[in-house]
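Shown below, as structure tokens, is a lone chain in the form predicted alone; questions about how it binds or moves come after it.
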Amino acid sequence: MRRASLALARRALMTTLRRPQFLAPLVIFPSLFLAINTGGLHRSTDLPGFPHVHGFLDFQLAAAMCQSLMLGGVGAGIATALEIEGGFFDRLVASPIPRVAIPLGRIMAGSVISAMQVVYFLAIGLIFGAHIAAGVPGVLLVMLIGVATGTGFCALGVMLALRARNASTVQGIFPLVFVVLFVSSAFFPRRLLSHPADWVAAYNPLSYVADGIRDPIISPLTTSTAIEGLIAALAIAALGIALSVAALRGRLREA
């Protein structure tokens, strides 16, 4: 299974890198939001109760990463749906490989792309004056939480593609990305959100992911925040992989 998964992951990664229409939205939209929010909302750091930060860019980097990683999940779902529509999925099912390698290959490719997304935004932040308060350990923690979260979102995208079986339906979840983001603490501190947004954010796992990514950027490592962020990211990854495998089995039963 390992060899088949790696081969499919390599193919999926190369296919994605050769098609800029899959990669461009992952960085263009979050970068635009990052620039607009940083330029227009920088005075938000003066609000009572706002965490102490070197600049609003430091605070917004986590939001940009979360947005990009969620869009990466949508992109993985669209790519999987296109393979289903084009018949490649059926050829894989007919080939003598472990069936579970089919979704795992795409998810592994998504993990690599997630690492590239996190590195991109860290680089953009440092270029434009952001600081990583926790230093190299903080960077490693951001990478770990980001890759785990991106893996989970890619797995959820694969699951949706296996259920929907067409790219247009998967693409239709694009607005949901913003809904989930805006009812979390990704863009604004949870303590400054009004009710019921603060209540929803408290139960939104993306809030803990965003806080876990943000904490090493704006302050020295906080153990509790780092653990909560890592647990939320790993939970998203585990749930996504389990659901994608279950969706594959359901599709094979219907075939």
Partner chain sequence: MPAIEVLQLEREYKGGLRAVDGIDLEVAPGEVYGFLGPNGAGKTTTVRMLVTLLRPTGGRALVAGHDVATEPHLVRKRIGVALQEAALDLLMTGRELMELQATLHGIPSRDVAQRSAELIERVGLSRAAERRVATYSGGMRRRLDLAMALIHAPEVLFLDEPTTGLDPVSRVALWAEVRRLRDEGTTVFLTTQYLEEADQLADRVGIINAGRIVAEGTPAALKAEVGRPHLDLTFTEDADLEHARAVLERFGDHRPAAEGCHLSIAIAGGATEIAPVVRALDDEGLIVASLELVQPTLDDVFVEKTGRHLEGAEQAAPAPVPEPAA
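Numbering follows the first chain given and starts at 1. Computed from a prediction, not measured in an experiment: that's the story for all the values here.
Quick note: we don't show the form predicted in complex with the partner chain, though the next part is all about it.
Contact annotation for His131: none of its heavy atoms lies within 4.5 Å of the partner chain in the model of the complex. A residue is said to contact a partner when one of its heavy atoms sits within 4.5 Å of a partner heavy atom; Leu248 fails this definition for the partner chain in the model of the complex, lying far away. Remark: Ala123 does not count among the residues lining the partner chain in the model of the complex, judged by a heavy atom distance of 4.5 Å or less. Interface residue remark: Ser168 is not counted as part of the site for the partner chain in the model of the complex, having no heavy atom within 4.5 Å. Contact with the partner chain in the model of the complex, defined as any heavy atom within 4.5 Å, is confined among 133-141, 82-90, 170-178, 67-75 to 82-90. Taking the partner chain as positioned in the model of the complex, the residues of 89-106 that bring a heavy atom within 4.5 Å of it are, in sequence order, Asp90, Arg91, Leu92, Val93, Ala94, Ser95, Pro96, Ile97, Arg99.
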